[in-house]
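In the form predicted on its own, a lone chain appears below as structure tokens.
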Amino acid sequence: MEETATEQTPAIDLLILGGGIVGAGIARDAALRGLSVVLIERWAIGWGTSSRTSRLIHGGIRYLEQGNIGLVRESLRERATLLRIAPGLVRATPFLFVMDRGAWWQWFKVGIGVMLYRLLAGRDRLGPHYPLVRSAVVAREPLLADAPLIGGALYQDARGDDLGLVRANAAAAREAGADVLEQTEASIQMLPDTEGVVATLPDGRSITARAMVIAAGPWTDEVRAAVGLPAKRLVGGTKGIHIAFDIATVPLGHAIALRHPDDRRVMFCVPEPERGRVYVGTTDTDTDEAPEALTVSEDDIVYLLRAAQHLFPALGLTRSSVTETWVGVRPLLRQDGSESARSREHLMLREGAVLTVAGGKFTTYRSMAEEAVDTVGEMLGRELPPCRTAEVVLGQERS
């Protein structure tokens, strides 16, 4: 008999709102542990912030300046995990940290920083980390021959296909039994006494779930309000913009970390030969724009172009050299202080049958998902099997 909108279907274990990297990662982890899972994404999988990143899978060397050793250590551990489980999507990449001014002790400080970065990575250090004099920097990257450098350092990190990782996690979740619904919105009703939630889809179908996770990135507070949760103002994201050049115009061989010549913010210039481009980013500014309607101003482009011109003065880069731009909002926890100094830590907020995941960084999505599914197990009163996402290669869930 054909099911009608009024007929009851068995309750599932977990409903996830949000199909970015965290939501997709949670869906994969939960399904691999035997939970029945439905993920609902308003747009396409990875449409939002998760496909508009700096495409770095990194420990965050600049977070060492903020003293956030724990986050750097966790990120380096997750970097190693992603290199292992997603070898087609994440690749180890040497970086040059270049310095254009400062006394000798600042060059020494950078050298100490990259060696500490290596120490925190432990056996996952990937390769050499050490300071370089100017001639050694230019020997490694001749395109910097005309840059006003005093020296730098070599360190190791990784870069990845951000949207590819989101899609791979969503596909892996489906392979493990999850139902992933894209281009879908749902009306959410909270059941009494923390018994779960009911999601009503546009076609009238209803999904009853014993637990729900909100993993909506920069839309977190909007989604919480829509489902009737108390206003917490959890997320205060910042806008990140990138520009790109054709790699024939900027034939860069090494990824570079630099300080912007005007405000000294740490930025990156990264070649992507597989995409035929070199990109520069990112900005880090507060915005009142809706995450789905972000704009890139000419001032933003000029700011990033200025960094590229400073690095490569002989190339004669102009506004017309820019071939591409993209923009996203980092879903950072709401904090005081300067934008670039805000923590990338995350928050798990449990309220009855609902868990809200806020903050965090792309590189640590898998460990965030593991923590979230552990919490869901507690909410369901079930002892779940151990997490397997650090061992199972993406795409081999059923092998």
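Residues carry their position along the shown sequence, with the first being 1. Predicted, not measured: the structure shown is a model, and the values here were computed from it.
Unshown form predicted in complex with a small molecule; subsequent notes refer to it.
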Want to guess which of 27-35, 369-377, 66-74, 353-361 is within 4.5 Å of the small molecule in the predicted bound form, heavy atoms only?
353-361
Which one of 240, 113, 196, 151 is close to the small molecule in the predicted bound form, taking close to mean a heavy atom within 4.5 Å?
240
Check whether residue 223 has any heavy atom within 4.5 Å of a heavy atom of the small molecule in the predicted bound form, and answer yes or no.
yes
Does any heavy atom of residue 14 come within 4.5 Å of a heavy atom of the small molecule in the predicted bound form?
no
Is the gap between residue 329 and the small molecule in the predicted bound form 4.5 Å or less for some heavy atom pair?
yes
Please check if residue 216 has a heavy atom lying within 4.5 Å of any heavy atom of the small molecule in the predicted bound form.
yes
